[in-house]
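In the block that follows, a single chain appears as structure tokens, in the form predicted on its own.
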């Protein structure tokens, strides 16, 4: 073992992408072992690596961690991306949990049938622009700092950036009415570790292609 975290998941965004984002923001190098067929997932299940028979799974510090939020919380705590005290941690958790609801909508969009995508995107954008993005525009205004919580990078900032960039891939003018979020995006994207992750050739995954969707579904079903 190299000592680097090892990520087990298909070669797609899905629930592992937030883990890749957070490790990258922390400046942590990691390895990926891609699940390419159903048998790869079955092997992890049969050898006892998956506590709840599910991926994402991350090997880190002698553990085989499952459950995405548990993985993210461990990484955030280990690499000082989880606030300075319990109150900051509560705010970070609150913001991240709100973003998780938006993330679910965005993540499943590419898997919708072609005849449902237009309606689904309209629903995503309605919720994003009327429920989620206004919250974070107001948080940035009221807090008055570069970051969402305290005055340093946390997993809440990383999660917000991941979500708004994905949103912009679906609708490029998604932030048109949110000037503080536009500024936030520019600031966060220029943090050296994040800037590196946004470059071509990084571990950041592209939007899944329609031709690859059946392969990914076949791994899990």
Partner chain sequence: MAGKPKLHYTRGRGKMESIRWLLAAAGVEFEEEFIEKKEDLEKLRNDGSLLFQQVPMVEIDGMKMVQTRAILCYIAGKYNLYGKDLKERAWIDMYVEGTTDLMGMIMALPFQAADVKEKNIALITERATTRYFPVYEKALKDHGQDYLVGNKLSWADIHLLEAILMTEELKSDILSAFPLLQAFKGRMSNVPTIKKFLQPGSQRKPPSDEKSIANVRKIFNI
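Just so you know, these numbers come straight off a predicted model, no measurement behind them. Residue numbers count along the first chain shown, from 1.
The same protein also has a form predicted in complex with its partner chain, omitted here; what follows describes it.
Participant: Only one of 116-124, 103-111, 142-150, 82-90 has heavy atoms within 4.5 Å of its partner chain in the model of the complex; I'd like to know which.
Facilitator: Among the candidates, contact is made by 82-90.
Participant: Work out which of 66, 35, 174, 161 lies within 4.5 Å of its partner chain in the model of the complex, going by heavy atoms.
Facilitator: If I apply the 4.5 Å criterion carefully, the residue I get is 66.
Participant: Does residue 46 make contact with its partner chain in the model of the complex, using a 4.5 Å heavy atom cut-off?
Facilitator: So residue 46 does not count as contacting its partner chain.
Participant: How about residue 39: is it within 4.5 Å of its partner chain in the model of the complex, going by heavy atoms?
Facilitator: No, no contact at 4.5 Å.
Participant: Does residue 61 make contact with its partner chain in the model of the complex, using a 4.5 Å heavy atom cut-off?
Facilitator: Although its partner chain is absent here, residue 61 would touch it in the model of the complex, with heavy atoms inside 4.5 Å.
Participant: In the model of the complex, is there a heavy atom of its partner chain that lies within 4.5 Å of any heavy atom of residue 54, even though the partner is absent here?
Facilitator: Yes, residue 54 lies within 4.5 Å of its partner chain in the model of the complex.
Participant: Given a 4.5 Å distance limit between heavy atoms, list every residue of 105-134 close to its partner chain in the model of the complex, or none if there are none.
Facilitator: Heavy-atom contacts to its partner chain in the model of the complex: 131, 132.
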